[in-house]
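The chain below stands alone, shown as structure tokens; this is the form predicted alone.
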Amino acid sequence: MNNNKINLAIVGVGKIVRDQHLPSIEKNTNFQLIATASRNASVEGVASYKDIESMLDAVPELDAIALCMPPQYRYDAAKLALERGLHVLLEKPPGATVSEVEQLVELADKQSVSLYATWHSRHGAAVEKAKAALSNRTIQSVTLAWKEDVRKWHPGQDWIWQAGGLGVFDPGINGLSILTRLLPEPAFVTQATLSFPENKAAPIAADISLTTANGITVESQYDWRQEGDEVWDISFVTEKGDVEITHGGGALRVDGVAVELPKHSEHGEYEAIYARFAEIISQGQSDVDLQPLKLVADAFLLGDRKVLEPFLD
């Protein structure tokens, strides 16, 4: 490290990097962005390379790397970075398969570096407040709805429709990341229906039923054809009343009463991600929770496939 700063690189300079990663890195005094690798984009004032291999060869002073390319291509880049002794941050979802990420965990441990699988929605202002509200209640059932317009949020991004791109679970896994943070025990998939446009290799909608060992039931719906306002809601029914998270973790009601939340900046979730990344690096730890990805994988394994008319985006 240079001047007690973590020399950081980003691989894959796209919309999420410009909207969230760059502002969050700029505000974090632990990091300095010194390089990027991207086929078609760069960051003004930062050394730019066309691929990760040439970047790593040219910038030996790197300490850490944030991988923000599509998940289908993340394993090879993460493996290369870990083998070079770099700490690695994985955008969500952490990979295209559970097995490849588990291998990366083993490699990070072998190399004595930190691996961080991020779930930005867990850092929403409502999440920890909801966890506290649920701590003295018995959850009986949960409903989750995660619906948005793919044309608005992923215009022209073909990778999301390809195998490994997750389709509607690219946003839907955000809801699952909150759910798995708040449930008192692990859930597993009992039934699923996945709706695939006949011209796409990934689903545009899904219905998934889950349960826990002690009988908490979860009914969840995901849809990329939403018109109008987004629906990013999770409602917990308890013996004392309902705990409801809305706006993707940005708002909370307990027993019908709105709860005042700590103010988050526009980039609050990603600011928290980089704070956590710096923390685990300093502690010599990794942070990789694969439960949300496992639930998506199980939905693909167990789900009935429903074929729809072609979808043109």
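As the structure is a prediction and not an experimental result, all values here were calculated from the model. In case it trips you up, residue 1 is the first one in the sequence shown, and so on.
Note that the form predicted together with another copy of the chain isn't included here; everything after this is about it.
Which among 129 to 137, 142 to 150, 185 to 193, 114 to 122 is in contact with another copy of the chain in the model of the complex, heavy atoms within 4.5 angstroms?
It is 185 to 193 that comes within 4.5 Å of the partner.
So in the model of the complex, are 67, 84 and 273 all sitting within 4.5 Å of another copy of the chain, heavy atoms only?
Not a single residue of the candidate spot has a heavy atom within 4.5 Å of another copy of the chain in the model of the complex.
Should residue 164 be classed as touching another copy of the chain in the model of the complex when contacts are defined as heavy atoms within 4.5 Å?
Residue-level check for residue 164: yes, a contact with another copy of the chain.
Does any heavy atom of residue 100 come within 4.5 Å of a heavy atom of another copy of the chain in the model of the complex?
Yes - in the model of the complex, heavy atoms of residue 100 and another copy of the chain come within 4.5 Å of each other.
Is residue 294 close enough to another copy of the chain in the model of the complex to count, meaning some heavy atom within 4.5 Å?
Contact check for residue 294: yes, within 4.5 Å of another copy of the chain in the model of the complex.
Check whether residue 298 has any heavy atom within 4.5 Å of a heavy atom of another copy of the chain in the model of the complex, and answer yes or no.
Yes.
Under a 4.5 angstroms heavy atom criterion, identify the one residue in 96, 77, 204, 179 near another copy of the chain in the model of the complex.
Among 96, 77, 204, 179, a heavy atom within 4.5 Å of another copy of the chain in the model of the complex occurs only for 96.
Using the arrangement in the model of the complex, list in sequence order the residues of 298 to 312 with any heavy atom within 4.5 angstroms of another copy of the chain.
Residues within 4.5 Å: 298, 300, 301, 302, 303, 304, 305, 307.
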